[in-house]
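The data below hold one chain only, encoded as structure tokens and taken in the form predicted alone.
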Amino acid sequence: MAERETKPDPKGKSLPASDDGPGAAGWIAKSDFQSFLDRLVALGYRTIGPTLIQGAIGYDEIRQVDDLPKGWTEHQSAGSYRLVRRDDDAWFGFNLGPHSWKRYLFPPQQTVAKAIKRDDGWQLDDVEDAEPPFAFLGVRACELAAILVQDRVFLNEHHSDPIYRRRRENALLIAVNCTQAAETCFCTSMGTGPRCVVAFDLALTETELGFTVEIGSPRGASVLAGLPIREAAPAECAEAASARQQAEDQISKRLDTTDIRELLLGNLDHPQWDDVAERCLSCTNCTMVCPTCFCHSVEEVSDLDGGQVDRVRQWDSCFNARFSYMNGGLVRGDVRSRYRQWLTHKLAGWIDQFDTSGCVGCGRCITWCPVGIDLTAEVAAIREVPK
């Protein structure tokens, strides 16, 4: 089984797949997959993967193959998500739930510094991140792209986040290629999927009886040592290729990204912003489920006796009114300005800041918007009649 080295583009963008796709494939039977999970535990990884959580498929710690959502899928559309039973027992026959991997690399709440009052005054104390290395099982192509986008934010050469860096460097990324698409998916428009081609350690494609396995890094290759993996037969490779193609064929949603930065920044007074503001609840759902949004706030939290103060970072959103509070007033006091800030930053400002779009086409913001606002439709409306 050939080993393939994959490197992200220096600008954090996706790289095109070759005509033959990434690397030669091995194959592991589903009946042997528990040994793969056991191997991850033996190597000291905390394995996070998809499982059923409160009526959705989310990410949590898994140790047994029965923890996976076997035989479940979901129906997604604008403002709608519901679990349904599949006609088969596929383990990864679904798309994306409300969770993203950023909740482990960039936790929703994290103590970043602490000060302790001692006899000789206040002293800074070390903040230890006690999490063991993560093994992320089931990372989709758009999510790999999202991790690369967040790398641009938190691994900046001038300002690197130490907690993110540690977790990111120690994380094992086990991707799973999509074999179906949701109505809200538009990764093909963003060049981020549906096939995994960069930034993974291992990539799996589910077939009826097992998984083809592609190696993306030396770390990934070392995980497979001693496991019951053989070279994939031509028929198994063909079955996997057909399953991957099925997902691509099912994607119908499109976002025209032609000159999108200039389009949005050149139409800041377009009436479409008023139209969407009448529908938007400014609830922050879209930013909470987005795998790339990184807005956060920081506050000092004291213990009851005043002997210790923690500096705590927690997720925030540009849809929160007070997020733009400055100098005694709000910079963005209405929903119109907040939605415009979110969309223009995501699709235009990121290009200036990080030389890449902030959107990977996962469609979560469409599915989990309570009123079903679709950013692809909002952009299309502005493009149709620019002002």
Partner chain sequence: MPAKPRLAVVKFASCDGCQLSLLSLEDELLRLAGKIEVAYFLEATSRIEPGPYDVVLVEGSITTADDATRIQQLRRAAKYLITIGACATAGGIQALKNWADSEEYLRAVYARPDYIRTLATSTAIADHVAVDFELRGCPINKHQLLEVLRSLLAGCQPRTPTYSVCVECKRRGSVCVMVAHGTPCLGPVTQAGCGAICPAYDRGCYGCFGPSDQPNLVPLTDHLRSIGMTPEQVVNSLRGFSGYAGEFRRESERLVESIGTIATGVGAAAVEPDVADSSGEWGDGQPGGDPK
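Everything numeric here is computed off the predicted structure, so don't read it as measured data. Positions refer to the first chain, counted from 1.
Beyond what is shown, the protein has a form predicted in complex with its partner chain; the following relates to that form.
Listed stretches are 135 to 143, 201 to 209, 245 to 253, 103 to 111; the contact stretch with its partner chain in the predicted bound form is 103 to 111, by a heavy atom cutoff of 4.5 Å. In terms of contact with its partner chain in the predicted bound form, the residue from 348, 52, 43, 37 that brings a heavy atom within 4.5 Å is 52.
Though its partner chain is absent from this view, in the predicted bound form it lies within 4.5 Å of a heavy atom of just one residue from 157, 126, 120, 305, which is 305. Not displayed here, its partner chain is kept clear of residue 340 by more than 4.5 Å at the level of heavy atoms in the predicted bound form.
Taking the partner from the other structure, its partner chain in the predicted bound form has a heavy atom within 4.5 Å of a heavy atom of residue 369. Contact check for residue 284: a heavy atom falls within 4.5 Å of its partner chain in the predicted bound form. At a distance threshold of 4.5 angstroms between non-hydrogen atoms, residue 356 is out of contact with its partner chain in the predicted bound form. Scanning 268 to 283 for heavy atoms within 4.5 Å of its partner chain in the predicted bound form gives 277, 278, 279, 280, 281, 283 in sequence order.
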